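The chain that follows stands alone, in the form predicted alone, written as structure tokens.
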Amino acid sequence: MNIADFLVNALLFPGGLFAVLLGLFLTGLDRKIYARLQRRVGPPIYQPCIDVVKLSQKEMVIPKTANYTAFRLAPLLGFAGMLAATAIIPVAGIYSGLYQSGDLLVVLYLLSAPALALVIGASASGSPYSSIGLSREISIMLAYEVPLLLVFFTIAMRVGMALGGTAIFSLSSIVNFQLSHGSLLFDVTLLPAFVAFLICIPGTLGVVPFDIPEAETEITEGPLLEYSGMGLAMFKLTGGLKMLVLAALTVALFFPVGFGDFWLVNLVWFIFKCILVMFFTTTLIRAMQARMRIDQAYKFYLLVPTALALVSLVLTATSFRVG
């Protein structure tokens, strides 16, 4: 890949501007459908775009007790991490990704960037509410990253063993394998891992019932309490990008198959699948569940999705040994 292609992919499509707009669209659609499920009219789908534009025009107020440098740079850390992740994940029939090996592990590290940004921003703000949100963010992040890692390793091992080798952590190789052998979603041994991954999405996004670090009725937005202006706008953009990254990653890992070389059809099909993932993992769950306590969420992630991921890992290993 030459430099020109790299810049286009990272800054315009499928990362960069396209990813930002699609992430904001998913956020707006999520809010609209959520409101409809509650029999409310809800905001327009383009409301997140309006919010970001308005916030970016306002002054970013920095508390006197805050660490100036860390407080200002924290939102950029999360945004940059998600922007990089959007350029790494391949889209079948459209884009093969920036890297060819080990990029699944890179995406795993990048997924922690928004949480680390919240932790840094909260610790730099000097607010007691932010400190509570900081401790909650660290606890929930440690809990959901365990099943995420197990799911990634199970998929890598499944594809690698099917090809006669060891675990393969290349997203492009995982997508190409499914294009040739069928979607991993229909592999019985990986169904528990698929469910585990879906369960991890709301916790990773920090939405109900796992919005514990930012609980408005308890700690008044926690880590985001002291943020305003462009800093808060960056966190809003990061949230939209993270929703897109997780939806796109779900598609790439489990059902990336498209319609051959029909570029536009594949793009529409990809967006539709991202909307489906968003609806079943965030919108519907938010409408059905109330917020958990931090101890409940921590135990839940260490028990349910972790157990499901381990079941898939054992089934994958034993099935190939028996074969």
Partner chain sequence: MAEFLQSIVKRSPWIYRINAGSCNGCDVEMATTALIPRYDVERLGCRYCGSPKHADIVLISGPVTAVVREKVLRVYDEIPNPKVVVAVGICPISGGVFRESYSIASQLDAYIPVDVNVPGCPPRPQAIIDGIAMAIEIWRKKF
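Please read all numbers here as calculations on a predicted model, not as lab measurements. Numbering follows the first chain given and starts at 1.
A second form of this protein, the form predicted together with its partner chain, is not displayed here; the remarks below concern that form.
- For the three residues Glu137, Arg291 and Val304, a heavy atom within 4.5 Å of its partner chain turns up in the predicted bound form in no case.
- Note on the interface: of 158 to 166, 228 to 236, 116 to 124, 200 to 208, the segment with non-hydrogen atoms within 4.5 angstroms of its partner chain in the predicted bound form is 228 to 236.
- With a 4.5 Å cutoff on heavy atoms, Val268 does not count as touching its partner chain in the predicted bound form; it lies far away.
- For Glu145, no non-hydrogen atom is located within 4.5 Å of its partner chain in the predicted bound form, even though that partner is not displayed.
- Proximity of Leu55 to its partner chain in the predicted bound form falls within the 4.5 Å heavy atom cutoff.
- With a 4.5 Å cutoff on heavy atoms, Leu224 counts as touching its partner chain in the predicted bound form.
- If you take 41 to 69 and check each residue for a heavy atom within 4.5 Å of its partner chain in the predicted bound form, you get Val41, Gly42, Pro43, Pro44, Tyr46, Gln47, Ile50, Asp51, Val53, Lys54, Leu55, Gln57, Lys58, Glu59, Val61, Pro63, in sequence order.
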